[in-house]
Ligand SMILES: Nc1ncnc2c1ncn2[C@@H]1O[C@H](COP(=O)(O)OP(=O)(O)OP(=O)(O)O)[C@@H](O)[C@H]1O
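First comes one chain, alone, set out as structure tokens in the form predicted on its own.
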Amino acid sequence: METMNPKAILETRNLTKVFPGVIALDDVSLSLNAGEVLGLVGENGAGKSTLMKLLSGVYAPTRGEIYFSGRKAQFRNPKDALDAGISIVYQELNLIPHLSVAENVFINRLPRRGAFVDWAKLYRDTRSILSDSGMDGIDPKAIVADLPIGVKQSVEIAKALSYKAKVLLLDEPTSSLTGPEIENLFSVIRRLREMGIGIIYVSHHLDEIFQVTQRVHVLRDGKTVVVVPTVEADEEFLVSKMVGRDIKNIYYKGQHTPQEVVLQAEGLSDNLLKNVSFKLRKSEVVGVYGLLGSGRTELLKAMVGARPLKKGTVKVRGKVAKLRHPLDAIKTGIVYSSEDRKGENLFFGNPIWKNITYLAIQVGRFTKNGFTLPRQERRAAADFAAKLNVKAPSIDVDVYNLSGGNQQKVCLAKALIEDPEIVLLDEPTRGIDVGAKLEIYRLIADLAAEGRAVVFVSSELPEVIGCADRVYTMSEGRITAELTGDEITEENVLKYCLQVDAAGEATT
């Protein structure tokens, strides 16, 4: 029987996957050593997901071979891969909320004593897995629904390890985690390395790649571009390989001069926001940064009537705006794009063009005498899809089938089709690849250059520093600082995000 590279626990040779009309993965050779974390990066559509599905038995390769633990492997289904020792943890967690940690870890494999579940063994075995992998603090009897998202992520990893995994595939594992939760995950990963488990780590966050990986494998258009030791790479190098061109500056701050005030918030307060006031000028990009729970999303929602206020006013062009609903805001020239693409922004099961025109239809555009005008609607949607470079065979494609970056572009097209004066964007680059991020950074700058006022919330600090003309920091529902020019530094932003005095008053 043919064997593989003796140093690798997992290896692919010339792996290829062809779908009708599309070569999703083209001649990819990859290797993973025991006790190594291999970063897998590339734009959406580069082939990362296809490769992960081939390695986990979801797809069978069109051509090429997979070698595992020294022998050629053929995975007919995910169970074959699990039985061999390859486990995958997807971005969307797959846990049953009303069951305990232990029941989730050993789902469909509960130990039995005769006809009954052997609960003592179940909890003992779960506790052993958690302890061995550095997750001692998790109670095997805890109900999953009661756990924070970071602990749920750890439960998914424990479930993967319960199959005696030698290889762990992690797909965007930090997409829903906070800073401390990410650090906990990294601690678990370091422990798994010590146990000799090989890990393939897929992430759009390049800072994470530099923190946890030993090598990086870059894919572009389904092909391997480069494989490099992490210590020999930097962000600029990886981005240039991912997008296929040199990138001198990932972030983009356009040439525009802020003008008159177009939006002014005065004393906004509710059960989280505390007397928030600020101004936004025409031809300006304002970043809002705060830790989770600081009130950054709540602030944007309050300004468009999606969150009722106890007190405070919003003025647009000097006049008090009565905003009881987001549609009121649209009619006033304000649009808001939510951080929750799937839950609040997009309508899966509907084509691209229907998603783009949804808000416009709600405020009476593309209608006459109560009837829609489908030709005008489709033409406008097609124009905006092209303007934002939405990549799809046609605007009739279900938005569900688009990559994350293209879904985000549809969200932005849906907001911008109304030609707003004021644009509020909440996490506009969350969960998308670096190429799509570059396009959105450029779009934000172009909106300001056209004379619009833009506010964007981001949990990525370099993004805020690199794109915003002014930055407001938030903590515990308050604005703690307004920073401009040379004041916009990582040290200052973080300092003011944490700076709240003993009385609960923000201090600047």
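Just so we're clear, the structure is a prediction, and the values are computed from it rather than from any experiment. Numbers follow the displayed sequence, beginning with 1.
Absent from the display: the form predicted together with the ligand. The rest refers to it.
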item	value
Exercise: residue 22 in contact with the ligand in the predicted complex, heavy atom 4.5 Å	yes
4.5 angstroms heavy atom contact with the ligand in the predicted complex for residue 57	no
Contact label in the predicted complex: residue 338 to the ligand, heavy atom within 4.5 Å	no
The ligand contact in the predicted complex: residue 43, any heavy atom under 4.5 Å	yes
Contact segment among 26-34, 450-458, 474-482, 47-55, judged by heavy atoms lying within 4.5 Å of the ligand in the predicted complex	47-55
The ligand: the contacting residue among 389, 94, 401, 350 in the predicted complex [heavy atom, 4.5 Å]	401
Residue among 427, 156, 172, 284 with a heavy atom within 4.5 Å of the ligand in the predicted complex	172
Sequence-ordered residues of 417-443 touching the ligand in the predicted complex, heavy atom within 4.5 Å	431
